[in-house]
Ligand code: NAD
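We begin with a single chain expressed as structure tokens, specifically the form predicted alone.
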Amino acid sequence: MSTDLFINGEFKEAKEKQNIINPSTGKAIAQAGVASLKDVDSAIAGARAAFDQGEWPRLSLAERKDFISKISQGILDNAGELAELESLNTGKPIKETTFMDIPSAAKTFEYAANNFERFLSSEELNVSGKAKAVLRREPVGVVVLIVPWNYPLLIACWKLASALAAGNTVILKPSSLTPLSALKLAGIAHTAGIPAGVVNVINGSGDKIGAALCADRRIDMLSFTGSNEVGRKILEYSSQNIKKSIMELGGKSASLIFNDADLDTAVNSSLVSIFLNQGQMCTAMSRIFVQDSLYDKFVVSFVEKARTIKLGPADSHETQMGPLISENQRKRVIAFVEKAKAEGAQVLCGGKIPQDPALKNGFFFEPTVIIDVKPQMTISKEEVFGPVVTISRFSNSDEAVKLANASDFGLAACIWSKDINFAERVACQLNSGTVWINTYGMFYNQLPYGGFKQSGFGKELGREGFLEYTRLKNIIIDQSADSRPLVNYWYGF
């Protein structure tokens, strides 16, 4: 299987190729083209021309809606292939890609198609007897979308649906580890009839093409989801020619479980909140805090169930947890666990590579539970991005809030309590962009998503996320009775 770059309406073979690895087996499953700097320039030029001279920003809203709807249907029509590609490329269990990622990706385009017209509606204001204003939403221009490897198709769709519906042209750069579903998405957009240059997909490492892609003055906006380390580089690149940016960065999310919570529900849901997608989620609840009287029961039950999670290859419907994305990522996770032990924490289960011979070639790592963790420990402060959770105790809500907020990140949090009014009051004290009460991981296209502090700025999804991909123009119209405004007389002529 070989995949090409998609530039200016055509699939183009790249001179350089890279192997794409299946994390379940450690073997290559495809070759993907790697964009050169010349390819980057071609993609930018194509997107720029499509926006400045092309039809896309000038289409009627009804015509644009038709294209967006066709992409949504195209995702559904190719759901089986997309689910398989996503699993093979990321190591994510096929059940997750089939029932979560692919349907959600299609729904994102469906929501954009059905709602963007009202989001773009102009607002007229009579600001005084002599003037009125029209507030008009317009596309920003050429937008670069940089997508991570943990949800390569879904997050691409979050960004692409809003950017396209708003009338922008885009350059999508998937992670060089996981470009396959993004390139398939380019084919779906092409089949839908998207005009040349409106969607471009180029694969390549950030070190090689990042500066050229982000610093170019022809780019109007950047939307990035990924690590803080890479986010800082992108902001540095983009500062050479100032442009609008959205940054969805890391997390060290906290789950607060109060004494009145239902134990089984809290345990089962908490397992999902950290071990789904092998813990490779920005919103992973990697810090669990349990109130004193429930703590011992919770830990016993959580560890007992964590030990039963079935590891296996991503393409098996029996697999509950697949491999990490790469050997480098596994080494990084192991280093965090070893450092936690060296700093005095205790590993109750997991913490090592599984011994099953059937898994020896993949990048598997056992679900890991750590206790006796102090706030100053590295494991408490830094994002592991793997199946590793710390469980600590608290006495009262004030202490719980203090522990949860003692982080440089502010992406998400969970609260578990039967007292909803109390839980809402606690939620208001948490420094997190999203707070789930008695649930986890519920993302809705109607609702904005984004974090605080070092977790970034800007929103995805919802009306607010859509409007990020627009610019607001203020048109002021004089309504003086004699068409001679006050400014006309300023110098007395």
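So that there is no doubt, residue numbering starts at 1 and follows the sequence shown. What you are looking at is a predicted structure, and each value in this text was computed from that prediction instead of being measured.
The following text describes the form predicted in complex with ligand NAD, which does not appear among the structures shown.
For the residues 312, 141, 250, 103, the 4.5 Å heavy atom test against ligand NAD in the model of the complex is passed only by 250. This chain is displayed alone, yet in the model of the complex one of 82, 404, 411, 189 has a heavy atom within 4.5 Å of ligand NAD; that residue is 411.
Proximity to ligand NAD in the model of the complex holds for none of 290, 295 and 427, with the criterion being a heavy atom within 4.5 Å. Proximity to ligand NAD in the model of the complex, taken as heavy atoms within 4.5 Å, picks out 207-215 from the listed stretches 163-171, 207-215, 262-270, 374-382. Among residues of the shown chain, residue 147 is one whose heavy atoms approach ligand NAD to within 4.5 Å in the model of the complex.
The closest heavy atom approach of residue 258 to ligand NAD in the model of the complex falls outside 4.5 Å. Within 4.5 Å of any heavy atom of ligand NAD in the model of the complex lies no heavy atom of residue 119. Among residues of the shown chain, residue 340 is not one whose heavy atoms approach ligand NAD to within 4.5 Å in the model of the complex. Along 275-311, a single residue, 282, places a heavy atom within 4.5 Å of ligand NAD in the model of the complex.
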